[in-house]
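What follows is a single chain, given as structure tokens, in the form predicted on its own.
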């Protein structure tokens, strides 16, 4: 099945998200769709899948074995499915209370005698998960899954519709390298079957590894349409994305070693949690970046939640600056102990989607801003202005709702509110998921800068090069246990990654 879109225009209040964009897809091909945050990629995906209608423009398709193009009207996800278009959105689109099987089969529910055929539904779900080589309990509500497992259910859901055009919006953003390889084996299978695949990704190494052609958007316009990727190198692609010569930021990261005798800003000793952690001991000192690495399901994000009081600690001691503490909530962690938390789940936990961007950034320091119990809008805007410039946040104005921002800009807002609070300890979970190359490099430099200023940082990331680039020490987890630690003083990727891979599978690092 082939598709071509021409002259697509989409305008939101104060923002022209797409301005005459074109896209052409061929069967048996992987087409990369690239651009910085806010370039229009997700808007284009949402138009193709009926989430948003285009203001103007046409979408045409031609069926396999035919040469006759015909226009299609895609005004709903059902229209897209009928046209053979499936999608895995960057932000998950699952029903939390429904089971894994129900979510996967939701758009193609099998019926028998007017009732849902649950046996057939479970079989369909099992077949889709088997293609991904994923073992999940089909009866588990997706609300109980990790973010990464939710993403895998999204991918299986797209496979269930037997779509001939599959749109993947940041599909590996929460996956480990091993899980990403598994996904791209599925992509190769779909390609061999004649499917058209659109890949939206900020991981250029993945783009060059699996894609055949590329379209680049910049400020809502097509600056490169359907060009063979073999004609371009990484530098040329980045130049197309940012519109000018780009010097990729790379933090030196050879800061003087932290004094091992210094009192840790955050220390865990023999911690056990209701979630299943046992005998977890680690320390993060002022000015130090300590990484937590492991496969999905290793318990990294769950440990962060326990530190912040979101999950119960059942044994062991938690200390902040040498004093034993008991943290009951995220607010308690921030206001009493100076601990901030940049969550991986920005849509549900990181930002208030229905509130303004100025309110989102200032929320952590309302007490500081209040005068006689009143917080002036101007005070919130002044806080916002500093971080708009510092982080390069793209907004139409301080009163824009956070839910109207691109995923990458929402992530910047999520980080900005903790920077505004001037934390002494910052837990950062997947900081650059869905972030473009320019902003990713800037985030890396910012994290290093925060450490240089004395902040203690506990970093969780599934991006192994990112982990090796940033962390001073890397603590590796496997099945809710710590299996070892890798000193990272040289920040040599090959050397550190070999030890990390062994440890994350529960093996010795030697």
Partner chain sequence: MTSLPEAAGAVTAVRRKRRFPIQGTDLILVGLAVASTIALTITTGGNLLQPATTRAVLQFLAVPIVIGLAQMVVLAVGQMNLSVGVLTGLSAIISAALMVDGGVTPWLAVPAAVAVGVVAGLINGLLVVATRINGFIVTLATMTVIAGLRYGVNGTGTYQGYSDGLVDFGGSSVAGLPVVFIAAVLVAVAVAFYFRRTLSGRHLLASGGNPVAARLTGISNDKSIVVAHTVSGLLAGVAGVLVLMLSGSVNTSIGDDLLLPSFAAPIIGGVALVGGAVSVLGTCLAAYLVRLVYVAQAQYNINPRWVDLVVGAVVLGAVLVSQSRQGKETS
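Positions refer to the first chain, counted from 1. These figures come from a predicted structure and were not determined experimentally.
Unshown form predicted together with its partner chain; subsequent notes refer to it.
In plain terms, the part of the chain that comes close to its partner chain in the predicted bound form, with a heavy atom within 4.5 Å, is 70-78 out of 224-232, 329-337, 278-286, 70-78.
For the chain shown alone, residue 194 is not a contact residue for its partner chain in the predicted bound form, no non-hydrogen atom being within 4.5 angstroms.
Residue 451 falls outside the set of residues with a heavy atom inside 4.5 Å of its partner chain in the predicted bound form.
Though the partner is left out of this view, residue 111 does reach within 4.5 Å of its partner chain in the predicted bound form, counting heavy atoms only. The closest heavy atom approach of residue 304 to its partner chain in the predicted bound form falls outside 4.5 Å. Residue-level contacts in the predicted bound form: of 440, 89, 203, 164, one residue has a heavy atom within 4.5 Å of its partner chain, and it is 89. In summary, among the residues 51, 59, 460, 32, the only one with a non-hydrogen atom within 4.5 Å of its partner chain in the predicted bound form is 51. Residues 93, 94, 95, 96, 97, 98, 102, 106, 107, 109, 111, 114, 115, 116, 118 are the ones in 93-118 with at least one heavy atom within 4.5 Å of its partner chain in the predicted bound form, listed in sequence order.
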